[in-house]
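Let's start with one chain on its own, the form predicted alone, as structure tokens.
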Amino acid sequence: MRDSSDWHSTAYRTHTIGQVVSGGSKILGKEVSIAGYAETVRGRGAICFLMLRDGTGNIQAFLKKDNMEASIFDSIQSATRESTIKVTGTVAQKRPPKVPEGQQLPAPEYEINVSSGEILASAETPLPLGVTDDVNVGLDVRLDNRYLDLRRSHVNAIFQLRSKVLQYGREHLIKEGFMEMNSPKIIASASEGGTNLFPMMYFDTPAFLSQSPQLYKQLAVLGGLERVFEIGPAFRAEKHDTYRHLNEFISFDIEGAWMDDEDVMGVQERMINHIWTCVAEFDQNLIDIINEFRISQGDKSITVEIPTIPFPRISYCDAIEIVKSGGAEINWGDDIESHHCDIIASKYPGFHFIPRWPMAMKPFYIHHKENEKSSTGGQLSRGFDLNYGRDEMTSGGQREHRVEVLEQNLINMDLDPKDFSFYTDGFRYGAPPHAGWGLGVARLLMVLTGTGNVREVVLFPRDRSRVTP
């Protein structure tokens, strides 16, 4: 029976490669079994040098034909790159390199002197894309072969970092009193209005894939679950084909009772600050791996600069004036598009909120106060966006809790209140003022990793042209 106190120990290995590499003198001379992918196989005749890689690192294994079964030695010596191999042997210190007199020796490195081994699965040749080769490969080829792309160290680091971002975000929301929930993804009506829905048949009933957990978060809050969050998928049938749009995405979503828009903006900026702080403290090794690749490609390295809170608040009205002063044509009531955001970003390059959008530009469930109007007389909402530079990260706001106003908002947007009775009925029996937001996980990762395309930070992206793998 294996030792359950070390979860790294499995049927195929006693240690990860990372454990061996970092074990130092404590593991020297100890017999271990490791398993990984064959990066290189060098040597002919009676000796062989095998470089193995797993998800924790890489190490050299030294094979000598006299020290093991000849057939096993021959099979490993002729193994193709990326074949999976298990070896057993003792940990030895590699011979240190010669250094000029007076210079300090580098830290010791370790290898495995192999006594037995096994090819677990042979890799076919040629590989569709190189794993360790410094060769540029198109994104489509990489996504078609994501299972190989993930073996590239910087890509693997990106998705390890993504897992950390989800962990740190979840930890922070729980710390602030939010409880995790799950909303249905098969729904009968549009969550946010509009036509960007994927239709489907639910047995004999027409249905849609959910655009957002929005309405269900609110119903949970109305039921007395005062602070809720969800990390889950949403679907938008938008025909965008840009570096920052996908048709399926994962987001952090929260909703909180007795809160207004400013309250939940505070939750968001504190969560982002917490994520960045944790990454800077615990995950610099992943950033270093990503930077090593970026530098090899001639790109700038990235640094984890913890954003100062509170983030700037630039009201919609002020944003319009900034855009105008930057020389662009825009009027109150127009959407703030990417080229407008470039002008704003020249003054506010980091995270910044844009609150108080016109009510006519926001979904029916966004709250407004009748006495909050622009200088032109337009009705302002309690809706906000969060941007990082030119890119929108978040949409959120205080929600409308007055059922009569909700129904009138639906009518104003050419929607039939009867189609939303499952939602509006929950507001007929006393509803607390509440607020929330949705924050795209992939867009956070784009900022952290410096990647220029959202597909780089989504494991198996879904866009207009991709439904496999």
Ligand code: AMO
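For clarity, every value in this text was computed on a predicted model and none was experimentally measured. For every residue, the number given is its place in the sequence shown, counted from 1.
Omitted from view is the form predicted in complex with the named molecule, to which the following refers.
Enquirer: Let me know the one among N291, S83, S212, S183 whose heavy atoms come within 4.5 Å of the named molecule in the predicted complex, would you?
Expert: It is S212 that has a heavy atom within 4.5 Å of the partner.
Enquirer: The named molecule isn't shown here, but in the predicted complex which of D260, E392, E269, E118 has a heavy atom within 4.5 Å of it?
Expert: Looking at D260, E392, E269, E118 one by one, just E392 meets the 4.5 Å heavy-atom criterion.
Enquirer: Flag F229 as yes or no: does it have a non-hydrogen atom within 4.5 angstroms of any non-hydrogen atom of the named molecule in the predicted complex?
Expert: Result no; F229 lies far from the named molecule in the predicted complex.
Enquirer: Even though the named molecule is not shown here, does D253 get within 4.5 Å of it in the predicted complex, heavy atoms only?
Expert: D253 belongs to the contact set for the named molecule.
Enquirer: Could you confirm whether E238 comes within 4.5 Å of the named molecule in the predicted complex, counting heavy atoms only?
Expert: Contact check for E238: yes, within 4.5 Å of the named molecule in the predicted complex.
Enquirer: Is the gap between K164 and the named molecule in the predicted complex 4.5 Å or less for some heavy atom pair?
Expert: Contact with the named molecule, no.
Enquirer: If contact means any heavy atom within 4.5 Å, which of 394 to 402, 87 to 95, 118 to 126, 325 to 333 contacts the named molecule in the predicted complex?
Expert: Contact-bearing stretch, as computed: 394 to 402.
Enquirer: Which residues within 435 to 469 place at least one heavy atom within 4.5 Å of the named molecule in the predicted complex?
Expert: Heavy-atom contacts within 4.5 Å come from G436, W437, G438, L439, G440, R443.
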